[in-house]
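Form predicted alone, single chain, as structure tokens, below.
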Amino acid sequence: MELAYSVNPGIEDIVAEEVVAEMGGTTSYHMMSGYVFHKPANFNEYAIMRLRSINRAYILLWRGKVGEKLDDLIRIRDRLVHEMEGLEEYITPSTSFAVSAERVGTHEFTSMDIARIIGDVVIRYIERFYGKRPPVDLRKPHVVVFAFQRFDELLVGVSLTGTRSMHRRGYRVYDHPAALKPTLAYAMLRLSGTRDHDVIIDPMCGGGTIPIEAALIHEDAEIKGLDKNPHHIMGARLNALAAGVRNRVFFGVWDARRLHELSVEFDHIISNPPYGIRYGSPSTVRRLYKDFLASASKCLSSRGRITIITTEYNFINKVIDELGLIRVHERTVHHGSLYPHIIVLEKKK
């Protein structure tokens, strides 16, 4: 059995570590591809639902090369009808299905063409196996078949996580206008190296995603979420309540530029600070960053780390030296329509 996980591009290695920790086995991936492939030693659907870093999980039924022309896709149809071994375990004449299709790259065909052709493959395969066609239900299918064309490679599989991406956590009662995906919040915690008993803070926490994710993976850490906007703090408290961690995270109103005034040493300062045109002129945003980092560097423990996600990575890398900080890690990720960097900083030794 081989599984495929769709992920935020840029965190494939973190996903690979998590799935192997949960189910063993081996993984393969290409950074920024958005997919991780996994041959588990111990397949467990409950373990999949515990994963914090993935968007969706699929049982992979077919993987192969398909050209960019519509005729290439049509030609593969007859072949797939005979090569979708195992599909009958998930779809029967009494099981409704729908096809979800995506594509990346330049092709003569659309995602709708892929969905139509793969849907025809499923119907013909099940009809050949059982002697009866399976019903199609585009609204509430029992089973979702996914098809993903990335350049010249086509993946076909059965969804283990339904139609809803797992990055949409059920606790998101209050939705901050610039909310960070929980999968990226989890990745930032891992890159920062957080552990139980650490003191962890997000001084610009918005709806509380980073502190909540920290509380969900660390039982004994001291976790705080601050924001200068009282409305966001109220929303963060509601989200923490919905996540069942309200008593394990302290939320309060504070200015991130005055973090050092709290007279507390932090092991991990992890945040998704404002970026983008909506937050005003670049000079305003950069002044906030410099003031925040200057304050954060004063209250960082000797082994502490500052981890942020931002599109202002060029500016950050220019000013860290004068602030007594060094960069220990940096990577590009995909978030929404942007490609921000996650940057991990430490004090100069």
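When you see a residue number, it is the position in the sequence shown, counting from 1. Fair warning: this is a prediction, and the values are worked out from it, not measured in the lab.
Beyond what is shown, the protein has a form predicted in complex with a small molecule; the following relates to that form.
Using a 4.5 Å heavy atom cut-off, which stretch among 116 to 124, 96 to 104, 193 to 201, 255 to 263 contacts the small molecule in the model of the complex?
Going through the listed ranges, the match is 255 to 263.
Note which of T110, N247, N229, S165 lies within 4.5 Å of the small molecule in the model of the complex, where distance is taken over heavy atoms; exactly one does.
None of the other options qualify; the answer is N229.
Identify, from the list G157, G206, P141, P134, the residue with a heavy atom within 4.5 Å of the small molecule in the model of the complex.
In short, G206.
Distance check, M234 to the small molecule in the model of the complex, heavy atom within 4.5 Å:
Outside the cut-off, so no.
How about A179 - does it come within 4.5 Å of the small molecule in the model of the complex, if we only consider non-hydrogen atoms?
Because a heavy atom of A179 falls inside 4.5 Å of the small molecule in the model of the complex, the answer is yes.
Would Q149 count as a contact of the small molecule in the model of the complex, using a 4.5 angstroms cut-off between non-hydrogen atoms?
Contact with the small molecule, no.
The small molecule contact in the model of the complex: L323, any heavy atom under 4.5 Å
Taking the distances in the model of the complex, the answer for L323 is no, it never comes within 4.5 Å of the small molecule.
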